[in-house]
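Listed next as structure tokens is one chain, alone, in the form predicted alone.
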């Protein structure tokens, strides 16, 4: 190996290690803090002499995570399948079919990506109130579907634009119509793209905090992120239980990402490698 090649490899490894530490160290700090004595304020990254594993049980009970996990699961099941299905169909149509005013529709969707999320909260509040949905889980599900759709269509359209035209032509020669070509050929080939999109939408729905806080009064109908407010009192915050609760919230996201990690990486690499 030449000197330049060795230097390049060392630099690349060093950058990867720095990025890994940037992601892992905060999680380790939260974990050691979650094991500290209740009511204490740990300083720095150090393993407690007497780990309090029961802090996770106390955090689970204090925040009523049973109800919140159930509510978050219902919200995710309402948002992710519907949004992924519609975004996949719309992305395919805009990429492979001659949709009337397709470029204009895609332009409007791109404008949706530029809108600040916080700017839509007030009009959403009044619209949902007039529809009688304020305070229900639909007040979270329906806006999330609309807010996630522009990115979903952008993601899936980019994938279908890279599909080989010869595949579609071969399907037409075999007598397949548009729906059969999409369902039997392009959809299976897009498994990595729509499964990665499902992971992203799961994370966005599971960790949603602002919409449930503003649009739903009942804490048991919000997402798990809202449960962190249980550890913040008028005169202080229980840092130990807050970290324990945060780790409990993060755990499902980590599990989902690890399960679909290969599909996620494959989807990201499809545009870089032919």
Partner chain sequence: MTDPSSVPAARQPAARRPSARRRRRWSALLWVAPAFGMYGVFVLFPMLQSVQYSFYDWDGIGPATPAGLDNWKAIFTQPELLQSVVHAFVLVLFYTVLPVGLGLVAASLIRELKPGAFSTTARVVLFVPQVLPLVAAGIAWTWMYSSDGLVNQVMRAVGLDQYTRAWLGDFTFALPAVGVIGVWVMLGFCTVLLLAGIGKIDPVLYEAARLDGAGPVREFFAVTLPGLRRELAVCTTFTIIAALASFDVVQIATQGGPGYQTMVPGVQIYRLTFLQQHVGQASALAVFLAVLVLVVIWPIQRLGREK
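We call the rigid core the largest set of C-alpha positions that still match within 1.5 Å between the two forms. Since we're looking at a predicted model, the values are computed, not measured. Positions refer to the first chain, counted from 1.
Just so it is clear, the following notes concern the form predicted in complex with the partner chain, a form of the same protein that is not shown.
Checked against the partner chain in the predicted bound form, the residues 81, 135, 146, 162 give one hit for a heavy atom within 4.5 Å, which is 146. Interface residue among 97, 189, 167, 74 relative to the partner chain in the predicted bound form, by the heavy atom within 4.5 Å criterion: 97.
The partner chain in the predicted bound form is approached by residue 44, whose closest heavy atom lies within 4.5 angstroms of it. Contact check for residue 123: a heavy atom falls within 4.5 Å of the partner chain in the predicted bound form. Although the partner is absent from this view, residue 260 stays clear of the partner chain in the predicted bound form, with no non-hydrogen atom inside 4.5 angstroms. The partner chain in the predicted bound form is approached by residue 232, whose closest heavy atom lies within 4.5 angstroms of it. In the predicted bound form, every residue of the candidate spot (23, 89 and 228) has a heavy atom lying within 4.5 Å of the partner chain.
Residues of 208-222 that come within 4.5 Å of the partner chain in the predicted bound form, judged by any heavy atom, are 209, 210, 213, 214 in sequence order. With the core held fixed, residue 63 shows a CA shift below 2 Å between the shown form and the other one. Residue displacement note: residue 213 has its CA displaced by under 2 Å between the shown form and the other one (rigid core superposed).
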